[in-house]
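Here's a solo chain for you in structure tokens, the form predicted alone.
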């Protein structure tokens, strides 16, 4: 039986051109104020003015789902997360509040490597169970699809363990998980002083194995001073391409490495963070097919300057927003909080932020043809929020205020 959704105060269809939204389309929401959405099985059949949708033969006899005078929109697509870990990094948090830097904390045994120690000591079943619980938190916040990175194992067996946990949770649902292999997240202790040997291991052993088991869609690396450089980026991108993995890059986060320019040359699907981009970087980004994926929740949590979202948008770049959910630098899975930060701290408009958190997030995962907007033929992933006006989604912060969430045509969350 088909499902007909009625009575929304606003339906944000995000209908528009096929590619990521930029330039004049960067804030186009496709708002309907007397609209309807018709769904059959896991797909959207029609989304438009109610009078038009009701003429579809499937609308007659369809099950009615009311939005009860609230905002209806595509589920959020969170295009950058690190959600598989054992425990929060509370010692790091306390040290940072006492004035320690990222480098200080890493040198003292904290940071990424402290999470690696926890993962290496954990069973795959326990990692899977932890991710399954977090997946429900994403869903309850209105997020229906996430990208999830490995990178807390840093050896073959433990990286596979992380990726298998993602596959198990995504396969069971309701949260859809797109996996990224981030083997080059940091140099593990056993390779201290031998970074080149570790990169060779990542390229020649780990990437081929991950690809052979079809455990990831993307390959990524932390291109940063003290971690991995441009030569490493080229090697890992080449190994990933040979294995059929598309490229994402942690770029220009803590310092300018010129990694954005290299990522563009290599055809990266997204370049993420971009806190340290300069004006000279922007023209090439604007004409590329690469999405700039900004994660301002990390900047908020770390007390760091924000990426230049306004300059990126005004240059014509396609911008996505993501949480960067992780145990050390952004323990936030709520995309509405990210949307609010984007507006108040980076001066994005609510419409621009919502475009960035939905359709552009989908394009940052190579899913723009099937996810991120309410258009005929697309996957029926929707979220209904306790708001009458879409600007409220950025205005009210601190609680997602989710009314209900639909994944692939089935309601998978309802507020109590």
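Values in this document were obtained by computation on a predicted structure and should not be read as measured data. Numbering follows the first chain given and starts at 1.
Another form, the form predicted in complex with a small molecule, is not on view; read the next lines as being about it.
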Assess the spot marked by 80, 326 and 329: is the small molecule within 4.5 Å of a heavy atom from every one of these residues in the predicted bound form? yes
Listed range touching the small molecule, judged in the predicted bound form by heavy atoms within 4.5 Å, from 250-258, 306-314, 199-207, 284-292: 250-258
Name the single residue among 138, 181, 76, 152 that comes within 4.5 Å of the small molecule in the predicted bound form, judging by heavy atoms. 152
Among 105, 112, 268, 245, which has at least one heavy atom within 4.5 Å of the small molecule in the predicted bound form? 112
Give a yes or no for residue 336: in the predicted bound form, does one of its heavy atoms lie within 4.5 Å of a heavy atom belonging to the small molecule? no
How about residue 228 - does it come within 4.5 Å of the small molecule in the predicted bound form, if we only consider non-hydrogen atoms? no
Is residue 218 near the small molecule? Define near as a heavy atom within 4.5 Å, in the predicted bound form. no
Does the 4.5 Å heavy atom contact test between residue 89 and the small molecule in the predicted bound form come out positive? yes
